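As structure tokens, one chain now follows by itself in the form predicted alone.
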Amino acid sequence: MPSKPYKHSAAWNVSWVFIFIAVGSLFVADIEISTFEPWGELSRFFLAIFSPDWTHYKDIGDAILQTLAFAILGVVFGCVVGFALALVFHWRLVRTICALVRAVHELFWALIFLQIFGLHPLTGLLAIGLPYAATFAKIYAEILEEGDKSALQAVDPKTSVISVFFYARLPDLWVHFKTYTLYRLECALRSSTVLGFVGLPTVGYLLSSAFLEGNYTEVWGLLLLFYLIIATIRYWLRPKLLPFYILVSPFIIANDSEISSENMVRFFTEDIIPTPIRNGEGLVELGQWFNELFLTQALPGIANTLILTQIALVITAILTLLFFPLISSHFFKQTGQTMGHTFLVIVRSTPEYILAYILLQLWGPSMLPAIIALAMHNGAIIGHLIGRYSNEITLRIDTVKGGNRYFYELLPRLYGQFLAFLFYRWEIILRESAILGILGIATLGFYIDSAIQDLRLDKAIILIVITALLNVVVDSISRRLRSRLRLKTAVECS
């Protein structure tokens, strides 16, 4: 149960507002299926699961190792830097910088670093490490702030700060640090996979090639191995083996690429400088340049990003309420829960970008594949968390099975926590909505990718900043809603 009672009527009113916005967005959203034979192609895709192809085992093995290495090193970098930032997270400047950095999706960071470092391993490491460091800083700071401080009462006031932390704080907080860090590693595996779509040699690179060739058996071979890695993470990620993984990973991702100092200098001194300034023009020309960029690209991109986000958010909520009973002991016995857990692991382990990419190939370019991909992935994540949370609830003796148990006993008691998780994922869904534009959907990512393809990096950077600011605004609204409704905080949600 939530530590503070949330406002039931206010929660339902807010829910209806979001539903109303999503329904209204459906009338202006592009959700048309444009391929000639979408359902036949979809059936061929799913039938290929029965004959997965692992014949190119050497390439597959190398791609998996690259995926693991990028994820592990990215999380280690983010964890170390994030912890250091968490200690000074009370500084407004640090909070602001972290908010902007984590608001930019890893794939956008990869596109930026590609212009600086090329296909050097630093591109992948920084693309994962930077936003993860900002995220770790926020979560670690919340853990430190809201964790149990009762042990401090027994500490001598003359004790050093370091000793106080390691002996009075860390033992009580270690589980929270460990749990969240492991969760971020699972996220990093998905991020590392997706980086293959911009050219890095991870699983995503092979997936993209296999799909373009129509080789669905190879696609399933790669996906099944990826699901296996995610499902068994608790078995192969042992604390004793972690130092070995960290030491070996740099050698796995090492390549003979060289960083061009000329590219770095040109990027910061020419490429990202707005064209009017670079050409020595005045403020009037700069204003016209920005005004055209905002009206023709940023504004349509913002509108489509918000439309996609709000529809996906509400469908995520619906799927969450359908998914959580699959792993709840109040509805299924152990066998049923195991099957439900397997289903949710598969769905939540598939990165939204990859799922949207698959559906776009099958249904054609529209918002529909993105909506389904975002809703399925996030619905599975929140459904898993709510399902686990429901197992901690003790039912009344007179509670009957079936719909009454769901609607009258569990749902009212779970609804506050459900909204907390949903609003916590809202900003994440927005980030993913923006990045899915790279696949051809007219969100902000579409205009960012187009600007990069046209070597208009000055426009791309402005659009990325606008995307980050939009994320910060949505995250601020989300936090205000959680606070006003007295929902659980982000630490408890993690």
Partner chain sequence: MKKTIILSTLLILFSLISSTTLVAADTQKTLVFSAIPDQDETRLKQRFSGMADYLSKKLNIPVKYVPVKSYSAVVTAFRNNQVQLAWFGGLSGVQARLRVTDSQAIAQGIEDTQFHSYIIAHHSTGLKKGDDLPKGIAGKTFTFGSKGSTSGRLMPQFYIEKAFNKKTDAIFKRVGFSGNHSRTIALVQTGAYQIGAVNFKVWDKALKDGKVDLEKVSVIWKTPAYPDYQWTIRGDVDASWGEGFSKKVQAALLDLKDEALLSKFPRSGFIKAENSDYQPIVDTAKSIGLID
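Since we're looking at a predicted model, the values are computed, not measured. Numbering follows the first chain given and starts at 1.
Below, we refer to the form predicted together with its partner chain, which is not included among the displayed structures.
Mind telling me which stretch in 376-384, 74-82, 331-339, 228-236 gets its heavy atoms within 4.5 Å of its partner chain in the predicted complex?
-> Among the candidates, contact is made by 74-82.
Going by a heavy atom distance of 4.5 Å, is residue 199 a contact of its partner chain in the predicted complex?
-> Contact with its partner chain, yes.
Residue 395: heavy atom within 4.5 Å of its partner chain in the predicted complex?
-> Close contact is absent here: in the predicted complex, residue 395 is far from its partner chain, nothing within 4.5 Å, heavy atoms only.
Please check if residue 280 has a heavy atom lying within 4.5 Å of any heavy atom of its partner chain in the predicted complex.
-> Flag for residue 280 set to no.
Would residue 255 show up as a contact with its partner chain in the predicted complex if we use heavy atoms at 4.5 Å?
-> Yes, contact at 4.5 Å.
Check 120, 125 and 454: does every one of them have a heavy atom within 4.5 Å of its partner chain in the predicted complex?
-> Yes: each residue has a heavy atom within 4.5 Å of the partner.
Which listed residue (288, 208, 179, 217) meets the criterion of a heavy atom within 4.5 Å of its partner chain in the predicted complex?
-> Only one option qualifies, and that one is 208.
Taking 4.5 Å between heavy atoms as the contact cutoff, choose which of 139, 314, 114, 419 touches its partner chain in the predicted complex.
-> Only one listed residue qualifies here, and that residue is 114.
Give, in sequence order, every residue of 236-250 that has a heavy atom within 4.5 Å of its partner chain in the predicted complex, or say none if there are no such residues.
-> The stretch 236-250, when checked against its partner chain in the predicted complex, contributes 243, 246, 247, 250 at the 4.5 Å heavy-atom cut-off.
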